[in-house]
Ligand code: TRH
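Single chain ahead, written as structure tokens, the form predicted alone.
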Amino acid sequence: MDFDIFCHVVDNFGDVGVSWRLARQLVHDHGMKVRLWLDQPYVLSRLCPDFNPLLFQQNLNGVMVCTWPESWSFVEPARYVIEAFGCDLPMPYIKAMLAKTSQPVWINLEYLSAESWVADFHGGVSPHPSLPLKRYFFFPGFGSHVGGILKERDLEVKRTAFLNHGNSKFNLMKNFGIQFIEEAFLVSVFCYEKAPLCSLLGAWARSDVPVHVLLPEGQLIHQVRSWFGFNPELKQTISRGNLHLSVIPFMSQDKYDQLLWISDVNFVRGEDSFVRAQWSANPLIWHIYPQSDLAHMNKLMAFFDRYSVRMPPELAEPLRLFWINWNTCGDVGLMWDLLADRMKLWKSHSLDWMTQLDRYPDLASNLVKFCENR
């Protein structure tokens, strides 16, 4: 194999989502042979309905997906070994790496960050504490001195073709089992449980235009229940004032990309959906993964500072306040009204931001070049 990618599921679908996208891109864009090792393969089955988590190994879209066994037997290591997000390789595998005449290039793929210190540590080397092996740190990020972000070569072609189809919104909503409200402002909401959703529901209900909110089934339903006074069912649309809220089923990665493309604003969380929303060229609100020491707020604002460099001040200030309050459980209802009045500016900036990102090589291309150079 060219690549072995190891992924330990830490929280929900983010780690698997990033690892799976990377594996697919290495195969399809770079002609690599890839094994993806998952300790909880059933999680991938939610993102890829064609995947059977009961099989020990399965070829899926050209990637050999394997169950990461508790009791590890000998496996011939790949030329390049990706340890996703510091997941710790099995010791028998490490010893097999050590036994090879030409030792594999061992990469620790870190989490995405726009913080300034990332460029100083990207590509850094860490010797193993007890074995004659070394590991390189590869940091995804924004700009020319870090690892980049994931983007397939044909993503923009797919997005353009989908949006140019006259019935794209109607067909996707029909696929979700939801009635299409043609004149409505469409919002997709994917966030963590503690997001202040109720304050937004009130703002959308009193909006001057119809607002159709698509909310995936999950933990946020209890907030919807407390605000509406009853529990919405899957694929049901409930309304109050100008707010129309539909609970949509869990979807594959490809379908989620399409949802991001058709929505007027995307609320996203974590890392995978955050990156995909940027490639949608639509306005986004990021709910970052919370950390007990509030380190996530530094990470959040480091990105916003970069994201807003070319943003008009009349949009940047209310958007900054919204991001901060959305991530600290503040009241964002009145802040939404300010953003709604600046929607054209926000949409224009989102397209400009995507154009800026496209000037840099993507993560998979940078990773392949980095590995081959070593």
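One-based numbering along the sequence shown. Predicted model only: the values in this text are computed from it and were never measured.
The next section is about a form of this same protein that is not shown, the form predicted in complex with 2'-deoxy-thymidine-beta-L-rhamnose.
Contact with 2'-deoxy-thymidine-beta-L-rhamnose in the model of the complex, defined as a heavy atom within 4.5 Å, is made by all three of V10, L47 and Q253. Partner contact region in the model of the complex: 264-272, out of 264-272, 220-228, 134-142, 91-99, criterion any non-hydrogen atom within 4.5 Å of 2'-deoxy-thymidine-beta-L-rhamnose. Although the partner is absent here, F185 sits far enough away that none of its heavy atoms falls within 4.5 Å of 2'-deoxy-thymidine-beta-L-rhamnose in the model of the complex.
F304 falls outside the set of residues with a heavy atom inside 4.5 Å of 2'-deoxy-thymidine-beta-L-rhamnose in the model of the complex. Although the partner is absent here, W279 lies well away from 2'-deoxy-thymidine-beta-L-rhamnose in the model of the complex, with no heavy atom inside 4.5 Å.
Interface residue remark: F121 is not counted as part of the site for 2'-deoxy-thymidine-beta-L-rhamnose in the model of the complex, having no heavy atom within 4.5 Å. Screening G202, P232, P196, P216 for any heavy atom within 4.5 Å of 2'-deoxy-thymidine-beta-L-rhamnose in the model of the complex leaves a single hit, P216. Shown here without 2'-deoxy-thymidine-beta-L-rhamnose, the chain has only F190 in 151-190 lying with a heavy atom within 4.5 Å of that partner in the model of the complex.
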